[in-house]
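What follows is one chain in structure tokens, specifically the form predicted alone.
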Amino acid sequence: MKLLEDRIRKEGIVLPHDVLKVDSFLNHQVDPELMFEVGKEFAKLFADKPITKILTVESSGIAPAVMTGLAMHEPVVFARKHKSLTLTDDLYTADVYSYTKQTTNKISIAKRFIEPNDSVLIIDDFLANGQAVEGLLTIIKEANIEVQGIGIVIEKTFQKGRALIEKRQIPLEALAQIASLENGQVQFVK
């Protein structure tokens, strides 16, 4: 997606340890017009799939997931990372390690938001080592529902996330694929 790649080139900041900071438009400040274009692109890419819900993990996956849900006219459910007074019983849970935060979180989705006939699309901001997606796939397996595909805004192809998903034979679409962050420069897959 050229629009997204241009924005990454212009505003993305490469940090040490293969971290790409895109907080000016994706995961701190959100550009709603760009996210709407992202959502429409995912809707187009997965238009032939029988999707009933969009799943993501809070918080950075919420903006692209909501815009995808809007474009597909389907509800969005996000896995919560933090305990809440209102989210205590009848939960699907999984542990997810965050490379950028160097911490493990227990993610949770209330069982009442996933029905036995649901067929879901996972949307997330980044795919690097695949931990967030793996956590959602654990919940999907526990709920005994079907996953129709995975949509990623930015994929770091030099990390293992894609390989984990391809082993499961789940359709995967990434809107921007990064080949390298070497020497502080973003290099996209050709």
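No experiment lies behind these values; they were computed from the predicted model shown. Counting begins at 1, following the sequence as shown. Rigid core: the largest C-alpha set superposing within 1.5 Å between the two forms.
One more form of this protein should be noted, the form predicted in complex with a small molecule, which is absent from this view; the next part is about it.
- When the small molecule is considered in the predicted complex, only one residue from N129, T157, T52, Q148 comes within 4.5 Å through any heavy atom, namely N129.
- Residue contact with the small molecule in the predicted complex: K101 places a heavy atom within 4.5 Å of it.
- Looking at E173, you'd find every heavy atom of it more than 4.5 angstroms from the small molecule in the predicted complex.
- In the predicted complex, the small molecule sits beyond 4.5 Å of every heavy atom of T138.
- Within this chain, E142 is remote from the site of the small molecule in the predicted complex, having no heavy atom within 4.5 Å.
- Judged against the small molecule in the predicted complex with a 4.5 angstroms heavy atom cut-off, the residues L20, N27 and S59 are in contact without exception.
- Stretch-level contact check against the small molecule in the predicted complex with heavy atoms at 4.5 Å: of 44-52, 31-39, 118-126, 65-73, the positive one is 118-126.
- Taking the rigid core as fixed, one finds a CA shift for H73 smaller than 2 Å between this form and the one not shown.
- Once the cores line up, the CA of R112 ends up less than 2 angstroms apart between this form and the one not shown.
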